[in-house]
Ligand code: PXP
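Shown next as structure tokens: one chain only, the form predicted alone.
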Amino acid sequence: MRHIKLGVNIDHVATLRQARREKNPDTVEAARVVYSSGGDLVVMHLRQDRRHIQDSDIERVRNEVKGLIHLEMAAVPEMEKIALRLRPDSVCLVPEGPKEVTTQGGLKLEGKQTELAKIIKNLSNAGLSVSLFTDPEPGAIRAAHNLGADSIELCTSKYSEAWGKKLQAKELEKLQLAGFLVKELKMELHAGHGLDYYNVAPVARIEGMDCLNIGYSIISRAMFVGLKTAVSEMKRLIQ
């Protein structure tokens, strides 16, 4: 049976904590539950506005919990320095807007190749695996490959938001074709954004899929069934 890694994003554990500026719910405890429930890596997005995950969350999970850490971050010098200091196992460069509720689509690479290539090179030289969050478009995938990224994380938001079987099938086909190109370029294939317990299975079945990064739906379900059950249920669905 093919093993697809599950990255569990714990940003919204921190969102709840930050609502009261309390110590709980603790991201370290959340990370322990993720790993013990079948999650393969813990995902954290350190936003520039620090609306949920804080620098200390990454540092504590790194030092206190045994497991893989995947850091999502904007491609800016501040975040590059933090990644080089805290040393997650892997990094995904994502777009980030100050007023957005959540990430809006893949990275727009036009005019940013020089700065992106520099950041990717510095992170890679430090031993960090680097992925770029892109829309399922051939141009973006080839550009990411040329910039030196190790992996592509396909943005699944349009698929997740598609209404009706016909439109959803069309978006799934785009992801499948993009996946073929990623593997042709000998890169790791990841996907995420908006995936839940009802729409994840077809994406998991895309040929060559290596890892799915999922957060909001898992944390939402955890409110009713507990984080351990929520993670293990998702893990079963993607295998």
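Please read all numbers here as calculations on a predicted model, not as lab measurements. Quick note: we count residues from 1 along the sequence shown, nothing fancier.
The same protein has a further form, the form predicted in complex with ligand PXP, not shown here; the description that follows concerns it.
*Asks:* Identify, from the list I214, I53, A30, V203, the residue with a heavy atom within 4.5 Å of ligand PXP in the model of the complex.
*Replies:* Contact residue from the list: I214.
*Asks:* Here the chain is shown alone; which of V94, A83, I119, A162 has a heavy atom within 4.5 Å of ligand PXP in the model of the complex?
*Replies:* Contact with ligand PXP in the model of the complex is made by V94 alone.
*Asks:* With the cut-off set at 4.5 Å between non-hydrogen atoms, does G194 touch ligand PXP in the model of the complex?
*Replies:* Contact with ligand PXP, yes.
*Asks:* Taking 4.5 angstroms as the cut-off for heavy atoms, does T103 touch ligand PXP in the model of the complex?
*Replies:* Yes, contact at 4.5 Å.
*Asks:* Check whether H45 has any heavy atom within 4.5 Å of a heavy atom of ligand PXP in the model of the complex, and answer yes or no.
*Replies:* Yes - in the model of the complex, heavy atoms of H45 and ligand PXP come within 4.5 Å of each other.
*Asks:* If we take heavy atoms and a 4.5 Å cut-off, which stretch out of 32 to 40, 203 to 211, 166 to 174, 186 to 194 is in contact with ligand PXP in the model of the complex?
*Replies:* So the stretch in question is 186 to 194.
*Asks:* Who in 129 to 151 is close to ligand PXP in the model of the complex, meaning a heavy atom within 4.5 Å?
*Replies:* Residue within 4.5 Å: F133, and no other.
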